[in-house]
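Listed next as structure tokens is one chain, alone, in the form predicted alone.
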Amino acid sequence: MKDNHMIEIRGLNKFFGKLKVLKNIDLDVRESEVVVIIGSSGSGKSTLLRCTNFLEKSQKGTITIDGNVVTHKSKDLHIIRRDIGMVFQHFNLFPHMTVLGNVLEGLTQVKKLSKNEALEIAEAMLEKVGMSDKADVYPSFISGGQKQRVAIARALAMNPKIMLFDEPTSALDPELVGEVLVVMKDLAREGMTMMVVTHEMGFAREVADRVIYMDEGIIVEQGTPEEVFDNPKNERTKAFLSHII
């Protein structure tokens, strides 16, 4: 694993009204590192991810992506955003477009690639996630697990340096979770830099380089999966894990 930081977050604070959701978050993510964030609902995990991708505007702190300090006022924000792929809990596919059309959209509209270039990339990404045979099908005719794999293909097609996953399996039926995790494990093995918010502790234990436990807007504890799961230091971490493992 390389030592250069793809993400550097310093003193990040986020409010929703008077509610302070993130409290002075400091976090570095190295290139090719897989960081899994765990914690109860409302602990700030998803907000941290959304701030990292500038879908939410933080009130204080700095975010550096691949050496570039980024703010909402950055004139290059749209370019930097292209380097960050995001996969959401509820897929966010366009229902009026086929599976292939969903993956093509960003390539033709954002990257302005020719139809042939875009098609080559889109087909390769669908093959990568095992969805080539559904290219001409509309999202309403495929399962949740298949939708999520298409969403991953769509993000990967933009050739991001970083992938953010916000509870990518929590909306899926249990029997469909595995097919999405397989794709994510493959990405991790290929060296993709990843931040993953998930409740899948088996995935965290198997794939994460580092596990972060958040509670009430702060990073309470972090370490290797073995350190956090097998020998947690903080009482809050111990209490959380006792309920889910």
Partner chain sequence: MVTQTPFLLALSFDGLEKWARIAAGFAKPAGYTLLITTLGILLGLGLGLFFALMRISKVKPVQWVSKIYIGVIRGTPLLLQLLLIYFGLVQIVRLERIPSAIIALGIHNGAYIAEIIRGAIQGIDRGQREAGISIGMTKWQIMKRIILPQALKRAVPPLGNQFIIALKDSSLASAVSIPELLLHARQLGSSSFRTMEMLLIAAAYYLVMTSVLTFFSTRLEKRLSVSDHRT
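Numbering follows the first chain given and starts at 1. This structure is a prediction, so every number in the text was calculated from the model and none was measured.
The same protein also exists as the form predicted in complex with the partner chain; that form is not shown, yet it is the one meant from here on.
Every residue of the trio 82, 92 and 158 has some heavy atom no more than 4.5 Å from the partner chain in the predicted complex.
A residue is said to contact a partner when one of its heavy atoms sits within 4.5 Å of a partner heavy atom; residue 145 fails this definition for the partner chain in the predicted complex, lying far away. For the chain shown alone, residue 210 is not a contact residue for the partner chain in the predicted complex, no non-hydrogen atom being within 4.5 angstroms. The partner chain is not shown here, and in the predicted complex it never comes within 4.5 Å of any heavy atom of residue 149. Although the partner is absent here, residue 123 is not a contact residue: none of its heavy atoms lies within 4.5 angstroms of the partner chain in the predicted complex. Residues 50, 53, 55 of 35-61 are found to place at least one heavy atom within 4.5 Å of the partner chain in the predicted complex.
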